[in-house]
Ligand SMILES: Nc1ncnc2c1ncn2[C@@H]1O[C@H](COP(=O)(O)OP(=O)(O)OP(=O)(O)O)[C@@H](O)[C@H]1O
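As structure tokens, one chain now follows by itself in the form predicted alone.
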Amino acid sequence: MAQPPVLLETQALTRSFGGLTAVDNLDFVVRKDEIVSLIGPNGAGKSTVFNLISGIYPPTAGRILFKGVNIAGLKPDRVERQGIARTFQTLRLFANMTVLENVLVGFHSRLKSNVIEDLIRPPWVARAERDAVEEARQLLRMLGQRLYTQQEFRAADLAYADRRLLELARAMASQPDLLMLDEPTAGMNPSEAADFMELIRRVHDRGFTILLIEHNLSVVMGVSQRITVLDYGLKISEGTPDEVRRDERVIEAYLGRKAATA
């Protein structure tokens, strides 16, 4: 059976900060319709990779190919327009806006009106806005009845796990070709993390390709089709969850040399 097409590929991707190389000559791929996780100990370079892909940092060297186009060095808004959306480990919601308004922010890259059209308000602009509101409500409903019933609440008034869901909803609203989730279960208790793992599966079933950074290895092993492991900016392992969990280099990176040789 032919493999799905490559959606994202990094080639010799490198990022240095002064004398520190945070990402070192990284090659990896994400294929369409996959769930791929990027894992490693603290300081391994995972968040730097996300920041390179999403345009927050330019690479020192290497290429980032998305749908065959080199996006390395593009600003975050241009990366988003190419079809990449992400969440952040530190929540970046608009605290004083409602849940629904936060999701509607995610639609801005899809709404095509310009300043003049916003002023004169032709019928198609109003219709597009009504459609966006309805789609946002459907998205909230898909992510959980509790979040849907809180659509008029301020984001600041939500429970922590619901704020995580809201950031996911906002990222999904742009209908990205690639959805990047940065530590989505950070700060959740085990029950909340397990619920979120099921949610990731549902989101994937709706046609989203997902690239995930996650410290919770139960979540990683439970949802990933492939895993890439970094340590000190270098790729040390890659494969299926079963292959990665048996790799002595991974055991050593997480637990130390004695554990790998025990």
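Position 1 is the first residue in the sequence shown; the rest follow in order. Since the structure is predicted, the reported quantities are computational estimates derived from the model, not experimental observations.
There is another form of the same protein, the form predicted in complex with the ligand; it is not shown, and what comes next is about it.
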property	result
Among the candidates S54, T209, T48, T228, the residue which, in the model of the complex, approaches the ligand to within 4.5 Å (heavy atoms)	T48
Residue (of H204, R63, H215, K67) lying close to the ligand in the model of the complex, criterion heavy atoms within 4.5 Å	H215
The ligand in the model of the complex: contacting segment from 24-32, 191-199, 220-228, 40-48, heavy atom within 4.5 Å	40-48
Partner proximity in the model of the complex: E80 to the ligand, non-hydrogen atom cutoff 4.5 Å	no
A12 within 4.5 Å of the ligand in the model of the complex, heavy atoms	no
Touches the ligand in the model of the complex: Q89 (any heavy atom, 4.5 Å)	yes
Exercise: E167 in contact with the ligand in the model of the complex, heavy atom 4.5 Å	no
Residues of 12-30 having any heavy atom within 4.5 Å of the ligand in the model of the complex, listed in sequence order	F17, L20, A22
